[in-house]
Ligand SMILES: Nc1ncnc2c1ncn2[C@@H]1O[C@H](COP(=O)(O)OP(=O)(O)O)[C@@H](O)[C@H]1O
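Listed next as structure tokens is one chain, alone, in the form predicted on its own.
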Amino acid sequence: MVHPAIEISGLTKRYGVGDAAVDALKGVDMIVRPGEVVGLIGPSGSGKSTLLKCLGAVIEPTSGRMSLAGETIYDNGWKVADLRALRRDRIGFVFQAPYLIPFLDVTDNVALLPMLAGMSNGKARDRARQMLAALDVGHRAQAQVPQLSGGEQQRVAIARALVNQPPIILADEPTAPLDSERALTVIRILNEMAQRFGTAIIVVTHDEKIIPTFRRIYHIRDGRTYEQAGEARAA
């Protein structure tokens, strides 16, 4: 039996107490399968960022249940002892800005996470170079970050998110700073990597250029999710 890569049931998040309490999530349900890229869209203040932070084990939900690859990580309380290791080893993050370390070359930017996980420096760099090659930036492996174009930097950021082969990647507005051609290239790469590695990817976006590329979309509004078939379903 193949478990969903991500399964969320009845997830809530309340900020504050008493009259000042705000319910950012009000019972979110979501399923994302291995190898699937799903869009998450909604207006500002709808709960997108809160949901991503809960999924990324950055903040604690108030109630509900979350599972990754069949393992319950939250059920009205965390079920994982080491949240830092969970984030490092099982969840990849891609942000609007690449957040690459400017004093490290491209290879070491990607190799840093597996090094922190205990992999030897040589093996981590070998894996980093393999991932860079898969993303067509292997020829930039020894380059410094300021030498890269914006599109190349985002590819390196995706390589960093994938290098530990996590079951899920959370991408927060990954195409916002890019023009149409580069934005669509990034989404194509995410789809290719999802299929190649069986990674489930959630893309939070306002970018109308890429919304038609999703086969499934979750709308989030007033702290609740609504699923919709994407325009790419017939592709």
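Just so it is clear, the model here is predicted, and its values are computed rather than measured. Residue numbers run from 1 along the displayed sequence.
The form predicted together with this ligand is left out here; the points below concern that form.
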{"query": "Heavy atom of each of Gly10, Thr12 and Met30 within 4.5 Å of this ligand in the predicted bound form", "finding": "no"}
{"query": "Touches this ligand in the predicted bound form: Gly39 (any heavy atom, 4.5 Å)", "finding": "no"}
{"query": "4.5 Å heavy atom contact, Pro61 to this ligand in the predicted bound form", "finding": "no"}
{"query": "4.5 Å heavy atom contact, Pro177 and this ligand in the predicted bound form", "finding": "no"}
{"query": "Heavy atom of Gly47 within 4.5 Å of this ligand in the predicted bound form", "finding": "yes"}
{"query": "Interface stretch in the predicted bound form with this ligand - options 178-186, 61-69, 192-200, 39-47, non-hydrogen atom within 4.5 Å", "finding": "39-47"}
{"query": "Contacts with this ligand in the predicted bound form - residues in 6-39 whose heavy atoms fall within 4.5 Å", "finding": "Tyr15, Val22, Ala24"}
